[in-house]
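Next up: just one chain, as structure tokens, the form predicted alone.
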């Protein structure tokens, strides 16, 4: 049976897990002084809550019953003082708790972010972006809600309940037992409610995950949906999931609609018992009327935490689920680790050698099969072949994005497994066809915020990359805003910016995903000029899509089904009449056909105009 792809995110453990709670509390350990202050003021606030009904009792029995108005004024002032003190205590307790919680959650978010940056590419292949966003933002926010509302609120509720029970027993133990006699029924009803609430919560989270996934998929594919006229079908699918979600939430509403009135009924029943038995005690035992009033106030305060049970339980349950997912993420260590004594040379010559390299993304399904070649310092090496043949996998293996199964890759004679990963990648300039630009400005996209790159070096890199004239025409120049993923720039402009970035970082080994396709002729000329500048005095590995662009490569490797099928210079490979020659001939014929079609469509324009004039 297939497993729901969203179930992993929403399967819930216990509503309270001591092991998880201990790990969560470690993030609060640096702020234990603040928490001690918060606890002290929480107890103080609880004391003011317990004191007010007793003040009411004294006011009635000692002053109202005797007509002592002066004493009554004193009691009113004391009561007002407890209200003001309670406000101050609650403010300090809430502020310190929230402050400590926000600091702890800030630390946790930074730990998750740092941990994710160290993960291998395989980890990101297995985990969608939305899931990782949820870990870093939503799940951490759920834990923050646990600290600010759940745990502290629960502690306050415990103090209130036990404090009230103690106060009532102290005032009159017989009346207290009568007042508390309905509590076993309330406890049973609460347990029943918790079980039902847990089932509904779990089911609602599963359906919500599917609802979000369906919405995200629909928005991402809206163009395809509209082109093929599938709006109605998408509506029906979303309607089905949305209806299921509504029905589950309505079940939750029904449980709440039953539970809360039950609590109100038993609260009223407790007060009725106090009035009945208390009135009887006044007549036969001399019980003071103020005690009954105090009991009523205590009971009203005592039932409030029970009414809050639903919210507290859901917060605790969500927090345990979120913490389980967060710690699962943090416990997943990168497969690719630095050696015990990593190599960190300051400068490279740029020699690259593959020795019988095998690579698999899935066990038992090798993508690279015994790849062996050498790139000398300063040599231009081109990789060509059909899509899926293994060209990008060779690049990924060199950058150590994935760990190879067997064989070795040497950079300047040193196995990349002995290199420091970060030091190795700093010497590899990776320029992709799909250029990624960050939101910010032009300058930060060239330097990536690296303080080692001066402004003069950045401007010189832009000039050599043929992008400086365009940048200088922009309002703000190098400080001009770049929107997310560079959406306001053309493909050619983004490509030239990526060349400027590579020139600014000055790597010894350059890896290029050739990107002169789908740009106009003028931009292609700029890119070719910038490319020649970029390739000077560097070892270059060029993944080629258009064979006409790598005629001047020192050596061409034809990659087919994960193996090097043939290698040599452009003319040499054409003369062999092998796979490269067939690929080149096929691409040449397609280009000629496209050119003929373009010419024909251009000629048809004037003919249509002439026909229009004749008519």
Ligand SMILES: Nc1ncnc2c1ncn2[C@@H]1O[C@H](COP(=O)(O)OP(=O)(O)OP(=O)(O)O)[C@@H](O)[C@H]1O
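Note that the coordinates shown come from a computational prediction; the quantities given were computed from them, not determined experimentally. Numbering follows the first chain given and starts at 1.
The form predicted in complex with the ligand exists for this protein as well; it is not shown, and the discussion that follows is about that form.
Undergrad: With heavy atoms only and a cut-off of 4.5 Å, decide whether residue 391 touches the ligand in the predicted complex.
TA: Yes, residue 391 sits close enough to the ligand in the predicted complex that at least one of its heavy atoms falls within 4.5 Å.
Undergrad: Verify the contact flag for residue 402: yes if a non-hydrogen atom of it lies within 4.5 Å of a non-hydrogen atom of the ligand in the predicted complex, no if not.
TA: Yes.
Undergrad: Does the ligand get within 4.5 angstroms of any non-hydrogen atom of residue 367 in the predicted complex?
TA: Yes - in the predicted complex, heavy atoms of residue 367 and the ligand come within 4.5 Å of each other.
Undergrad: Is residue 134 one of the residues lying within 4.5 Å of the ligand in the predicted complex, judged by heavy atom distances?
TA: No, residue 134 is distant from the partner.
Undergrad: Using a 4.5 Å heavy atom cut-off, which residue among 338, 144, 433, 119 comes into contact with the ligand in the predicted complex?
TA: Of 338, 144, 433, 119, the residue with a heavy atom within 4.5 Å of the ligand in the predicted complex is 433.
Undergrad: Name the single residue among 222, 213, 386, 158 that comes within 4.5 Å of the ligand in the predicted complex, judging by heavy atoms.
TA: When the ligand is considered in the predicted complex, the option within 4.5 Å is 386.
Undergrad: Tell me, please, which stretch of 391-399, 178-186, 473-481, 97-105 lies within 4.5 angstroms of the ligand in the predicted complex when heavy atoms are compared?
TA: Flagged stretch: 391-399.
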